[in-house]
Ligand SMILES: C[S@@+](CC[C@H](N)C(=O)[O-])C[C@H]1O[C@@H](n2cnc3c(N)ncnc32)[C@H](O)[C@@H]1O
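Only one chain comes next, encoded as structure tokens, the form predicted on its own.
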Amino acid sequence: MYSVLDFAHHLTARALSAGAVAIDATVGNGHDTLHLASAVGPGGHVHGFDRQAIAIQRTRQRLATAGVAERVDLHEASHATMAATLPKTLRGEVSAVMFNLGYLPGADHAITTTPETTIDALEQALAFLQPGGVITVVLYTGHPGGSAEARAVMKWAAGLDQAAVQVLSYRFINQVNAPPELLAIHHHAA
């Protein structure tokens, strides 16, 4: 069985090919950013967003160590600024978008993603997604506000048009301590 994070990486890797464009909407410590940068190859590109400077610094170091920093533009900004930050020419051209919600491990746990900005960012991500592309959202419910955010995201996703996208929920139901859940949104191929 895949862990939730491993399955998110599996799904995005399947949607990506050499030269693709991807977005890490919540850079955090850079694990997903590095995964995306590796998957798109030397001709591809990744845009990463995080509003915390420490996340950008940690990720920049991780990417430099791996030798893939030139493939990534890091934006110290909320994921809700995606549409204002990215070139309009990327609309409909992005193969994968990853969200890993909650707080930044090893930093201030009071700074978290919120339902309002996350749903706004998810709407924006859908506009950038190409046919055959995927959005993954890892939902954490074990911190204050996490359950409310997860419920809001699930409600939003359940309302998406099934003619345009498929939505998958992946979780382990017999684990203790509020295990994370993965939501994957696949844009139907044209």
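Just so we're clear, the structure is a prediction, and the values are computed from it rather than from any experiment. For every residue, the number given is its place in the sequence shown, counted from 1.
Keep in mind that the form predicted in complex with the named molecule is missing from the display, and what follows is about it.
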{"property": "Position in contact with the named molecule when the complex is considered in the predicted complex, options 141, 52, 38, 130, heavy atoms within 4.5 Å", "result": "52"}
{"property": "Contact flag, residue 45 vs the named molecule in the predicted complex, heavy atom cut 4.5 Å", "result": "no"}
{"property": "In the predicted complex, residue 26 touching the named molecule (heavy atom, 4.5 Å)", "result": "yes"}
{"property": "Contact test in the predicted complex: residue 60 vs the named molecule, heavy atoms, 4.5 Å", "result": "no"}
{"property": "Contact label in the predicted complex: residue 101 to the named molecule, heavy atom within 4.5 Å", "result": "yes"}
{"property": "Stretch 69-91: residues contacting the named molecule in the predicted complex, 4.5 Å heavy atom cut-off", "result": "77, 78, 79"}
